[in-house]
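One chain follows as structure tokens, the form predicted on its own.
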């Protein structure tokens, strides 16, 4: 938000800014000086009131911030949720960048003139029945994964409570011992918008050879050894109505992936012309599940996109495309985004763990020509 506009908003809502003691935090809502949301997309509003002292120098995000959690756990050392500030008449509004989660406690923090800000805790009411919190998927899904694996994606049936992931998630070896330094621990956990998918990132320092952390601790996983990513039960859902049961995924580490992907190694099943048969690719390695969904396009000979549905198959090594309309012409092309990463973080241009002395390589091939068969031909 433009700083000049923020200052203008600050002046417009300046009459809201009274010294509200912490003991009177609920007076904000009772006096209708703050409008709290009742739906996931509602804004939070600070209303102007006559005769209240002003600050002329505060920006919109200095006046009002919103945090996940109740006031007892707010707010120092925490990052406020993202959103935009606006003006509606003589009031300041804050609209979250993503919809608020029903049942999750939030705290609106309002800066007062005194030494302490005022705080109001609120929650969006539930509109749907309770759903049990369970792990629905973990990607990569394969049972054999490279020792330089970069990340896991953990999917949940419902939004989960934040700031609790690494109280519950661990990497265990065959003896059940946990590697406490395997994963990166960010202050802001790596959730998708509705907190149903968590990205669990291995510490790249454990992956890259000859880096201090790798030298000191060794790799987090080693080829030929079995491991488990374990998620301990008791993790509450965001709405507080259920808790996660114990979950684990076992896998064996294979040798590291230290070559760029190569479309020339992909196996192609060509579809029949005048049919809606799927075009199928068997890839040379497992790829990042969520990047793979949108990184490949099918285009006609003259470069027009072909509309259709993508399915990701076994161990993220099978890509299947079913067109909305029957195939026409004699050939199509599969165009691959060169930034597509495999499960070790390598893309078509660069390796995650690349020697500094390595010379620049040729531009990668990121297109495949796929002939359309006559239906009477053998595959």
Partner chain sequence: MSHLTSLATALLAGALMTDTTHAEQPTLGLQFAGALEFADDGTLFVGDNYRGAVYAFEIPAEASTTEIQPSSVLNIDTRIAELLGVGVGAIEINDIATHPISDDIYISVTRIGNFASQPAIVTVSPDNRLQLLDMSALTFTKQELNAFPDAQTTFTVRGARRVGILPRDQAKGSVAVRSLAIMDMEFYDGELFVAGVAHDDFQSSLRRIAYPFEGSQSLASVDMYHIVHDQYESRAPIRAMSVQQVDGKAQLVAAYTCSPVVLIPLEDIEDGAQISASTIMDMGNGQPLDMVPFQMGDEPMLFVTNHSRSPRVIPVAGLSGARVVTDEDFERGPKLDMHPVMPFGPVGKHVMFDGVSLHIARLGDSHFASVTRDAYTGTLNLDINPTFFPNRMHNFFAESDIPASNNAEPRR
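Just so we're on the same page, rigid core means the largest C-alpha set that superposes within 1.5 Å between forms. All of these numbers come straight from a predicted model, not from anything done at the bench. Residue numbers count along the first chain shown, from 1.
What follows is about the form predicted in complex with the partner chain, which we do not show.
So the partner chain isn't shown here. In the model of the complex, which residue out of 218, 294, 224, 77 has a non-hydrogen atom within 4.5 Å of it?
Partner contact (heavy atom, 4.5 Å) among the options: 77.
Can you pick the one in 312, 352, 326, 40 that has a heavy atom within 4.5 Å of the partner chain in the model of the complex?
Going through each option in turn, the one that passes is 40.
Using a 4.5 angstroms cut-off on non-hydrogen atoms, would residue 82 count as touching the partner chain in the model of the complex?
Because a heavy atom of residue 82 falls inside 4.5 Å of the partner chain in the model of the complex, the answer is yes.
Contact of residue 212 with the partner chain in the model of the complex (heavy atom, 4.5 Å)
Contact with the partner chain, no.
Does any part of residue 97 reach within 4.5 Å of the partner chain in the model of the complex? Heavy atoms only, please.
It does: once the partner chain is placed as it appears in the model of the complex, residue 97 has a heavy atom within 4.5 Å of it.
Please tell me whether any heavy atom belonging to residue 101 falls inside 4.5 Å of a heavy atom of the partner chain, as the geometry stands in the model of the complex.
Answer yes; at least one heavy atom of residue 101 falls within 4.5 Å of the partner chain in the model of the complex.
Heavy atoms within 4.5 Å of the partner chain in the model of the complex: which stretch among 158 to 166, 102 to 110, 233 to 241, 172 to 180?
In short, 102 to 110.
Is residue 322 displaced by at least 2 Å at its C-alpha between the shown form and the other one when the rigid core is overlaid?
No, the C-alpha moves less than 2 Å.
CA of residue 340, rigid core aligned, shift of 2 Å or more between the shown form and the other one:
No, the C-alpha moves less than 2 Å.
Superposing on the rigid core, do we see a C-alpha displacement of 2 Å or more at residue 331 between the shown form and the other one?
No, the C-alpha moves less than 2 Å.
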